[in-house]
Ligand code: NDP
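Form predicted on its own, single chain, as structure tokens, below.
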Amino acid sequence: MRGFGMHSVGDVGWIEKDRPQCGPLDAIVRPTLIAPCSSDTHVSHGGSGPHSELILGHEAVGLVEEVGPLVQTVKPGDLVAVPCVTPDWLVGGVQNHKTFSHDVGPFGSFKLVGSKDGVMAEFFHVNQADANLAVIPAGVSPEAALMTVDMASTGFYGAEMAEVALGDTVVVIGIGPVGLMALTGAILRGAARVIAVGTRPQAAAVAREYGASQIISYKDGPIDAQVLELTGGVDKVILAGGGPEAFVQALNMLKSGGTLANVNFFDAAASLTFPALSWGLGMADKDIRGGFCPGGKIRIERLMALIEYGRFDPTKIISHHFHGFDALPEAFDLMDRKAPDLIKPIVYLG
């Protein structure tokens, strides 16, 4: 079969591989809709190590082609949303961690691209299909379902980690697709005022559609100073973009008793340091939390239920549409270059 991925660090292109084999608990899926992600481009540049001949991609909707003899809840022909995090539910790490993201160690459940070939192929493998494939209900479009498997799941987890409560004032730093979903999740949890930090006009417009109270830009000065001038301090900050300096600024703008929830990948070479005063000399009851996208089908089923019953529409974050398997390199390159009008691209495969 053919797939798109990395031959080596910095060298991407088409790859020929054997079709994956289906284990007794597993499934083989043929993707019909794919979304390239900045995590894929990060991997291609060596962000998770020196991989070679690795098919990329971890966001897909597709048709089940084959299931193992022990699979009970999905069957060939089912249209499924595939969580980007597909845990091995039989290992201790899952049983010891509430998000199921770290089955055999940090990010261990992030198997697509993390430890095996991803979804940008004619076929891909999903482990433990009964627990890791979510059949798409009739009331949810494939495009909306696709946005749940990583973008909504990760963004909403930022709001969940922050424990956004009724009436909170919340800042979301970074309004790419994950940040926009974090903003939406905060509002669904009852935030009264949500300030979004970002510069791209298209993303800012979508943030307003989702309910952002204000948009501020780092181009207008330090964002912590701007937020403190507007609010005097906020209850929660969700960090969905930016570098180490944004981490410090997030701490600075928090009230005592506030929570910083991070869903942003920092570079492995970065160091996160902050002045003791930013953390109230260690005594301000400011919580710092960071987590990875929760895994498994129930998570995705719950997000699709929110869509089915009209609580939010994730398709607003889709900015570019491509058609055909041969369009994968162009869509991937767009994500890699982060074009000014980009939020999230999708590719229709059939």
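From 1 onward, residues are counted along the sequence shown. Just so it is clear, the model here is predicted, and its values are computed rather than measured.
Just so it is clear, the following notes concern the form predicted in complex with this ligand, a form of the same protein that is not shown.
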Flag residue 315 as yes or no: does it have a non-hydrogen atom within 4.5 angstroms of any non-hydrogen atom of this ligand in the model of the complex? no
Just checking whether residue 193 would be counted as a contact of this ligand in the model of the complex - the rule being heavy atoms within 4.5 angstroms. no
Tell me, yes or no, whether residue 127 is in contact with this ligand in the model of the complex, where a contact means a heavy atom of each within 4.5 Å. no
Could you tell me if residue 223 has a non-hydrogen atom within 4.5 Å of this ligand in the model of the complex? yes
Site test, 3, 44 and 118 vs this ligand in the model of the complex, non-hydrogen atom cutoff 4.5 Å: no
Consider the chain as shown here, without its partner, and state which of 82, 250, 207, 263 has a heavy atom within 4.5 Å of this ligand in the model of the complex. 263
Listed residue (214, 199, 278, 99) with a non-hydrogen atom within 4.5 angstroms of this ligand in the model of the complex: 199
The stretch from 228 to 236, 177 to 185, 86 to 94, 162 to 170 that lies within 4.5 Å of this ligand in the model of the complex, judged by heavy atoms, is 177 to 185
Where, within 266 to 303, is there a heavy atom within 4.5 Å of this ligand in the model of the complex? Residue list please. 291, 292, 293
